[in-house]
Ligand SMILES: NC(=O)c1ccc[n+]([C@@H]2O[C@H](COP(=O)([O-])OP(=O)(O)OC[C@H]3O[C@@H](n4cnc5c(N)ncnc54)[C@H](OP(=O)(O)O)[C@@H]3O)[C@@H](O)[C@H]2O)c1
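Next up: just one chain, as C-alpha cells, the form predicted on its own.
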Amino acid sequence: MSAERHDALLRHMKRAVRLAVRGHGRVEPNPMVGCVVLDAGGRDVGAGFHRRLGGEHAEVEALRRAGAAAKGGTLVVTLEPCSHHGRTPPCTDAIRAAGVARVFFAARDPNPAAAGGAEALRRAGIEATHLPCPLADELNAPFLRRTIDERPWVSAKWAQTIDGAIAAPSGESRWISSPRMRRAVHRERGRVDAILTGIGTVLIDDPQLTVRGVTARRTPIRVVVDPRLRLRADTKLARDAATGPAVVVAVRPDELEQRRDRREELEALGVRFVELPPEPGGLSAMLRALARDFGVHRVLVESGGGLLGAMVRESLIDECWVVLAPTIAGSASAPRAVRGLEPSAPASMHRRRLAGSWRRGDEMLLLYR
C-alpha cells in the first residue's frame, strides 16, 4: 500500500472514530463503532455509527446509506465486523451482500463470540486488512477492559486549584469549578452506569450523586465504598434509594454480619449491598461484582483522596478527568485528590499520559490515561 493510500485510509478511519463517539452512553455494553464506505473510485458515499444497544450496527447503517455505490468499494470501520448472530444479524453478511471488495478495520474484536469476522470475509473473497489507528485504540479501550478483564472501565474526576487543592482546609469544596464546567461533569455522569464514592465523602457532603441540569443518556446507580457500614439512614442516598436510582453499598462480609440491624434498616429503605473483600484485591473484586451482578460497564469515581489512592494502588483507575480551576489555595492543610501512595522518589510516582485537553474560559479540563 502506498503512503498516500495509507494516509487517506487513516483520515477516513479518524472520521469513523469521531462518528463512533456519538454512541457513547447509548450503546454500552456494546462497543462504540463508526464506519465509512467508499465507492470503487475512493469517494465517500456513506457513513454510520452504532446508535443504540440493539439497533443496527455501524456497518449496516453506512451500507444502507451508500446503497448500490458500495459495490466494488471499500469499507473502513473502527472494529472488526462481527460474524455471529447477537441482537442483530452478522455484519459480515451485510458486507458480502453489498458487494464490498475491501474492508479495513482498526481493532480486532476480543469477544470470542464475535471474533473471526475478518477471516469470514476473506473466505468470501473480500480483502480484510487490519489498519491500526491510535484514536481507535482510545475508543475501544473501555470495551477491551470489560471484555478481557471482566471489570468496568473506571474514570476518576476531581476539580482542583492551580496548586492542587480539592477543597479548603475546612473540607468545603463547593464550588472550586464553575457552573459551566459542572454541567460538563453532569453530562459525563449521564453516560456512565455507576457513580462511585467513599463513605467519608457521603458523611461530610451528603451528596445525591444524580444527574442534574442535562439530558442523561443513562441512569447511573450510586455506589458507596463503606467497609464498616457507617452509612446512616438519614442521608440523602439512603432516603432516596427506593424512589431514585439504585444505591449499592460495598461492605466487608464480616461487617455485614456483625451490623445486621443497620443492614436491615438500610435494606428496608431500598439500599442494596455488594461484598468488599479485605485487601489486597478487594476493590478489584468489588468492581467485577458490580459488572456481573448490576450490569455496570463504566464507573465514574467522585471521592476523596483516600479511596482514590487505594484504587490507584490496585491499578484500577483507567483515566482521570481533572478540572483545573484558576484559583490558589496556598494551604498545606488543604486536601489533595489522591492520598496514601508515599512514593520514595519522582521516578516511582504513578505516571499518566495526557490524552486530551479542553479550555472553558479560565478553566481547563485535562484527560489523563
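As the structure is a computational prediction, the values presented were derived from the model and not from experiment. Residues carry their position along the shown sequence, with the first being 1.
If you look for the form predicted in complex with this ligand, you will not find it shown, but the lines that follow are about it.
- This chain lacks the partner; the member of T201, S83, T210, T147 within 4.5 angstroms of this ligand in the model of the complex by a non-hydrogen atom is T201.
- A heavy atom within 4.5 Å of this ligand in the model of the complex is found for exactly one of D254, E265, D293, E279: E279.
- Under a 4.5 angstroms non-hydrogen atom cutoff, this ligand in the model of the complex lacks F104 among its neighbouring residues.
- By the criterion of a heavy atom within 4.5 Å, V60 is excluded from the residues contacting this ligand in the model of the complex.
- Heavy atoms of D205 reach within 4.5 Å of this ligand in the model of the complex, making it an interface residue.
- Not displayed here, this ligand is approached by L307 to within 4.5 Å at the level of heavy atoms in the model of the complex.
- Only one segment in the set 214-222, 161-169, 67-75, 120-128 has any non-hydrogen atom within 4.5 angstroms of this ligand in the model of the complex, and it is 161-169.
- Contact annotation for the candidate site: E28, N140 and H186 all lie away from this ligand in the model of the complex (no heavy atom within 4.5 Å).
- Residues of 48-80 include none with a non-hydrogen atom no more than 4.5 angstroms from this ligand in the model of the complex.
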